[in-house]
Ligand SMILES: Nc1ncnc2c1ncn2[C@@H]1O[C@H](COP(=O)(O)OP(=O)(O)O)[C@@H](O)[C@H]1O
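One chain is shown next in structure tokens, namely the form predicted on its own.
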Amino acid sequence: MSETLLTVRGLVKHFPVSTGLFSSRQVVRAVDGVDLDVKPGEILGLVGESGSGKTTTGRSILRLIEADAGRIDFDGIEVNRLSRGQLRRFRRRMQVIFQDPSSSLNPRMTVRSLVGEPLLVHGIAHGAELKRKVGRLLEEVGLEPSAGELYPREFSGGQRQRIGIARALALRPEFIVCDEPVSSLDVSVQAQIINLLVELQRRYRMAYLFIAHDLGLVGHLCDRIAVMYLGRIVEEGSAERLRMHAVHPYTKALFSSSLPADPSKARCRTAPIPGEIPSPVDLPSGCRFHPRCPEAVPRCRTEDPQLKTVGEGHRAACHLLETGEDALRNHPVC
């Protein structure tokens, strides 16, 4: 296996929309030139507000939806060029855990059928062997083997998400896209599911692309973080470096809006990000964050910043980095 498991370059996905009978067709720029790298056994967090393009990025990588442009390489294999048959076989190596287990699990299928379907499709197990493997998978996620006889509606939200995790784990993949796997769950259950995902990742050395909107959670769970805003990556780096030295105003605001683990640091919280994320149909000129940025300068309104190296493994797209703003370079995040 190569040093980098997943490499994404220039990923683009636009969705055409029509605003009326006589209007011209427009596009939603959901993903607009994204680069990502994931190493074997690494957890990369992809974080941003709703509407940033995180889910579309994850689904495009898995080819659940087809990207308009860009290249996706997985362990040296160009995923974009795989035929339908090749892609089906390749899916053993890449899986997904969806946000809402209630809508991602077929209510007409028993849990045994749901979890065992990937094993059947890929010819891995049948009959008694299939039943045994499904029982073991259910035990791995904290459920009794007898749960295989029941239907998803007979379980709580947290238990249904455990079923979804067991299904994703069935083929022992090397890479899993975790698409906000706890955002639809009660707060009391979220920690249990996070702990389960971490335990499984460490046990099987899988790589995760962990999609979330809570930068505080991602900062403590992930090895590296990529911050996304309106279809672009605006900052990326190790979780530790971004916690201590985030430089993009958007990243700093996301960290500040997260509840601190240490209540004594609550005084460090700043004002929330003003306004709402603009429409991806009608993007702002220049830096896409400038209409909401408290540190914007005139240049931000006309020039689109590019990702530049800030430190080892740390990049950000902000014009203020080029104007000698030392405060941006060394501003610790509380």
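Numbers for residues come from their place in the sequence shown, where the first is 1. Computed from a predicted structure; not experimentally measured.
One more form of this protein, predicted together with this ligand, exists but is not displayed; see below.
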### Query
Looking at the partner-bound form in the predicted bound form, is Gly70 within 4.5 Å of this ligand by any heavy atom?
no
### Task
Tell me, yes or no, whether Ala30 is in contact with this ligand in the predicted bound form, where a contact means a heavy atom of each within 4.5 Å.
yes
### Query
Does any heavy atom of Gly41 come within 4.5 Å of a heavy atom of this ligand in the predicted bound form?
no
### Task
Consider Thr302 of the chain shown here, and say whether it contacts this ligand in the predicted bound form, taking contact as heavy atoms within 4.5 Å.
no
### Query
Taking this ligand in the predicted bound form, which residues along 31 to 57 bring a heavy atom to within 4.5 Å of it?
Glu49, Ser50, Gly51, Ser52, Gly53, Lys54, Thr55, Thr56
